[in-house]
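What follows is a single chain, given as structure tokens, in the form predicted alone.
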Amino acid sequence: MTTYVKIPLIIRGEIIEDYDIEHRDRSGESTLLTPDVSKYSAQLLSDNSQSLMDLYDISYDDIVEFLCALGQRLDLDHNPYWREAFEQSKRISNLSDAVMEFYYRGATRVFNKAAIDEIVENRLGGSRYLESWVSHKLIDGRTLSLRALGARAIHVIAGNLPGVAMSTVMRSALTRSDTIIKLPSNDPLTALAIVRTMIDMAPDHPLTKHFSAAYWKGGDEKVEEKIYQPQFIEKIVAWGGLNSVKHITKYLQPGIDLITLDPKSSTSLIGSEVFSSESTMREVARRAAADMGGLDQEACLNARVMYLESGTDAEGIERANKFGKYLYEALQQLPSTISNGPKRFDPALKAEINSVIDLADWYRVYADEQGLEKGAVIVSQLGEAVDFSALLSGRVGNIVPVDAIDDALDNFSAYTQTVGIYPDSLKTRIRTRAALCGGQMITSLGYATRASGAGPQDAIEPIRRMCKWIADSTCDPLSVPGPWMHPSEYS
């Protein structure tokens, strides 16, 4: 039986509900009913940057207070929009219900004053750049004043984790942006629920009046050729793969800044110190299991191929197999709030694993005898990653033995995101080379899924780039000679 889900169009506080278009969601199990966005493009777009001026009538403290109040209202037991988003996500997402609930009950962790202040301090140099013109005296005598101003932006967000919608709202509010959120088909309700809560909470608040949310099928030229124009949009923040971004790139021209947060592959580097004792092996296995299986391995930051400095001789391979066994056991013991295994195991991956499970000279596979629903650990016996590494998901990881951990860096690329490393002394030694080879976030093993929002993302500064950084230069001819002046006039 088909489930119909209504996805209203929200334009700066106005909710539009003339549902005359049908779409299939990502799972294919639900039909999304939406307005025809192309009919409302004139309302959705703004050709006047001065329309953002009302956002400068409120202070940074006002914005933070608003966000914290919003977080309190995103209560799974009392907010019907939030509950509906949660229930729909349970149907569509491959995240287990317990992990999904942990996310939806954790909104106050995102919309939290201390966390927000930390992000602004570390990523923008403090709220002063958001509040006023910050002056600096330069060596030539002039005064340079800088300010971070908001922009008219579209966020084409991903739907693999609810946190993407929450961070998008938080970043957009902090930067005082006029924001259009393009809703994803695998999570069409989370961002919508946040914006609807803003409307209920404070319908006339300047922040509420500068958030819009819409669903249209990516690549719909009837919508996109009107929207992606520099007189309307100054920034595009695009999450997603080649196809998602490809729809957008053909509209790029001077005046539009594209900020891409594309899919990544993450890894672990585990040094020979892991073999110092039996207890150390088991403890490191627990930490590696968290990086591999946390968030049900649905995030870019999850480890998939992991490199182990065990050696590649017979004794080294045996050490790697033992660690692989411990890793699989640790995977089963992870807290249910971070990992339970996928709802739908990828049949293509299942076929690949079944094809190598009896090739003991090439691979050792640790999995439940009843199937792969609890995940699996594949230990390569010849020091090379499985040739289906791009499919690894559903709490399936591949351990690759190496003679020296430095050898693993040859496998890094521009798509290598998070690198969990054990021990920390190895991290300190190798982090610069790892970064130059492509690694974008270096962390202690076991903490990949506990990344801090105070750091960069994908080796860029999204929140800084969301701002327009404006310079005001003040020059006094008495101290900064003008180009029209003759040398005799210089003091």
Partner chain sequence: MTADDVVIQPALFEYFRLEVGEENNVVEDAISAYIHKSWDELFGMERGEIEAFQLQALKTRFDSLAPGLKRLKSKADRAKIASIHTLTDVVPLLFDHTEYKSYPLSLLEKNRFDLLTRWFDDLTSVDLSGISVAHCGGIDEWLDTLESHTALRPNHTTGTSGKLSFIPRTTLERDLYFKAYTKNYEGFGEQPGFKLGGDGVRVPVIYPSVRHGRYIAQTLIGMLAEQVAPSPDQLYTQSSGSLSADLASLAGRIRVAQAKGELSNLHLSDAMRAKMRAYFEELERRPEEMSAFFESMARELQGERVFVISQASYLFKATLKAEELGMSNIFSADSFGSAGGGGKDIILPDDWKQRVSAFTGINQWASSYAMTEITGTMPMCEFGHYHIQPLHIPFLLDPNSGECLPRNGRRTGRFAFYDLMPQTYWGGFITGDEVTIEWDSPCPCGRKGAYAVGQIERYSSKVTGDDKITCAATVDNTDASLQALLG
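Positions refer to the first chain, counted from 1. Just so you know, these numbers come straight off a predicted model, no measurement behind them.
A second form of this protein, the form predicted in complex with the partner chain, is not displayed here; the remarks below concern that form.
Asks: Within 4.5 Å of the partner chain in the predicted bound form - does that hold for a heavy atom of every one of 294, 450 and 454?
Replies: Judged in the predicted bound form, none of 294, 450 and 454 sits within 4.5 Å of the partner chain.
Asks: Please pick out the stretch from 131 to 139, 382 to 390, 281 to 289, 192 to 200 that is in contact with the partner chain in the predicted bound form, where contact means heavy atoms within 4.5 Å.
Replies: Checking each option against the 4.5 Å cut-off leaves 382 to 390.
Asks: Do residue 234 and the partner chain come within 4.5 Å of each other in the predicted bound form, heavy atoms counted?
Replies: Because no heavy atom of residue 234 falls inside 4.5 Å of the partner chain in the predicted bound form, the answer is no.
Asks: Taking the partner chain as it sits in the predicted bound form, is residue 366 in contact with it (heavy atom to heavy atom, 4.5 Å or less)?
Replies: Residue 366: no, not in contact with the partner chain in the predicted bound form.
Asks: Determine whether any heavy atom of residue 352 comes within 4.5 Å of a heavy atom of the partner chain in the predicted bound form, and answer yes or no.
Replies: Residue 352: contacts the partner chain in the predicted bound form.
Asks: Determine whether any heavy atom of residue 218 comes within 4.5 Å of a heavy atom of the partner chain in the predicted bound form, and answer yes or no.
Replies: Because a heavy atom of residue 218 falls inside 4.5 Å of the partner chain in the predicted bound form, the answer is yes.
Asks: Of 108, 229, 249, 186, which one comes within 4.5 Å of the partner chain in the predicted bound form, counting heavy atoms only?
Replies: If I apply the 4.5 Å criterion carefully, the residue I get is 186.
Asks: Can you work out which of 79, 244, 88, 167 has a heavy atom no more than 4.5 Å from the partner chain in the predicted bound form?
Replies: Looking at the other structure, the residue within range turns out to be 244.
Asks: Could you pull out the residues of 138 to 167 that have any heavy atom within 4.5 Å of the partner chain in the predicted bound form?
Replies: If the 4.5 Å heavy-atom criterion is applied to the partner chain in the predicted bound form, 138 to 167 yields 156, 157, 158, 159, 160.
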